[in-house]
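Below you'll find only one chain, the form predicted on its own, shown as C-alpha cells.
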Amino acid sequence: MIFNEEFETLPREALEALQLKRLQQVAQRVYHTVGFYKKAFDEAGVTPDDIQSLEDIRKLPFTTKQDLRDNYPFGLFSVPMSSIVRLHASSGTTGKATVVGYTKRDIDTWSRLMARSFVAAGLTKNDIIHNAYGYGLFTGGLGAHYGAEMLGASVVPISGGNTKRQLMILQDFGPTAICCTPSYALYLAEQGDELGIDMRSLKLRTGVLGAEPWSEKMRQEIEAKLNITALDIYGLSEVIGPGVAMECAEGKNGLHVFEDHFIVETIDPVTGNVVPNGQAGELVFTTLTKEAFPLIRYRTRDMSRLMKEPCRCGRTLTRMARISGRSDDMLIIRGVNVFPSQIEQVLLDIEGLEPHYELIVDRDGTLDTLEIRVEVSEAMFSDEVRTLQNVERRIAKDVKDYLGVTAAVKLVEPKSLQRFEGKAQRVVDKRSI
C-alpha cells in the first residue's frame, strides 16, 4: 500500500528534477528572509543563483544544532510569528533548547508524511493506534497523532508513562498498532508479563518504533514478546519531527526517505565531505517544503548509510539504513571509536542476556576504562557462579574481538537496571563529570 503514489513512486529523473526546483526555491527564500542564512551564504561565497544542479547543494554551508541554539528562540524562522500556528522545542539537556515553528501548511505537510509512514507500515483507517510517544513540546506525540487522524485511523492519545494504565488500555481498547520507543515496547512487554498478561494475545500487530537507535536483535526480541511486526521510523524535531523516513512492511530493509520533501546526504563527520552511497556517514538533511523553519544542510549527527537499490514495495525513494549511532555520542576509548549500538549487537547475540545494559566509561590515571553492566535472564541468574563467570569472559572476549576494546563485564540480576519510558540512556561517561 502507498499513501501518495504520485510522489512516492516517481521515476528518479522526475524526482530529482522536482528536488532541484524546490531546492532553488528554498535557497532563494532563506537567503532573503533569514539573516543567519544570508550571512552564511555570503561567507561561503555562494548565492542562490549558483544552484544549477543537485550537486551544487555541496556549495551551501552546513547548519548545526549550535547554530539553532545561537539563534534561540526564533532567529531562524522565515515567516512572521503571525503565521506560526505551533511551536515545539527540544529538552535542552545539553544546552539551550532548539525551537521549531510550523505554519498551518507545515502541520498539514507533517500530517501527510506521518500518514505516509503509517501506510508504509501496513496501517489503514480501520486500525486503532495506541500512541505512547510523549505529547507536548516533544514532536513525537502530536506528529503521530495528526498522522493517524489524517489516515482516518482511530488514535488513542495515551502519551508516555503510567505503564499500568497503558497495559489496561492495550487489553481493553484492543489497539492494533503501537507507537513508542523500542526500549519502551520491551518495557511494556516485561511489565505485562510480570502482571500475568499474555502480551502475545493482544490485538497488536504492528509497532511503529523510533526516537532511539535499535538493533535487528532488539527488533526480533520485541516481535517475539509482543507478537507484532516492529518497524523503524525516523525523524527529528529540527527537520520536521517523526515522518522524515519510514521502513516499509514489505521490504523491512532500510527506511524510505521522503525525498520530495527532503534532500538527504551522508558526509564524513570529520571532513564534511560527501561519502558515496552505501558508505556509512553522518546524515545531513535539507528541507524542501517547510515554510516556517526551513533548514539548509542540517547536520543531524546520526550515523547511517544510503541505499539506492529498488525496494519490492514499489517506492522509488532512497532508503537509509537503521541509525547505527551518533557521531557526537560515539565513545572514543583508548583511541577506538565505539557506538553503544555495536556493543548491544554483541550482547544480544549471547543467549540468556536481557536487552537492558549500561556502559560505564571512566578513567584510571590516564587510561580510559569501559565497564559493561548487563542483565541476565531469571534462568541464568539462578545458575552457578562459574557459569556466570564464563558468560562474563565470553562477552569481554567478543567485545575485544569485534570492536577492539577491552571491557570489564558485570552481569547483574534481572530488572536491576533503570528503565526508561522515553529514550533509553545507555551511557554513563564519568570522564566528563
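Numbers follow the displayed sequence, beginning with 1. All values reported here derive from a predicted model rather than from experimental measurement.
One more form of this protein should be noted, the form predicted together with a small molecule, which is absent from this view; the next part is about it.
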Tell me, out of 330, 224, 313, 280, which residue has a non-hydrogen atom within 4.5 angstroms of the small molecule in the model of the complex. 330
If you check 207, 175, 294, 242 against the small molecule in the model of the complex, which one has a heavy atom within 4.5 Å? 242
With the small molecule left out here, work out from 318 to 326, 356 to 364, 72 to 80, 260 to 268 which stretch has heavy atoms within 4.5 Å of it in the model of the complex. 318 to 326
Distance check, residue 139 to the small molecule in the model of the complex, heavy atom within 4.5 Å: yes
Does the small molecule come within 4.5 Å of any heavy atom of residue 167 in the model of the complex? no
Does residue 121 reach the small molecule in the model of the complex, with heavy atoms at most 4.5 Å apart? no
Using 4.5 Å between non-hydrogen atoms, is residue 171 touching the small molecule in the model of the complex? no
Output row for the residue 339-residue 253 CA distance, |change| of 3 angstroms or more in the model of the complex, reads farther
Between the shown chain and the other structure, the Cα gap of residue 300 to residue 337 differs by 3 Å or more. Is it closer or farther in the model of the complex? closer
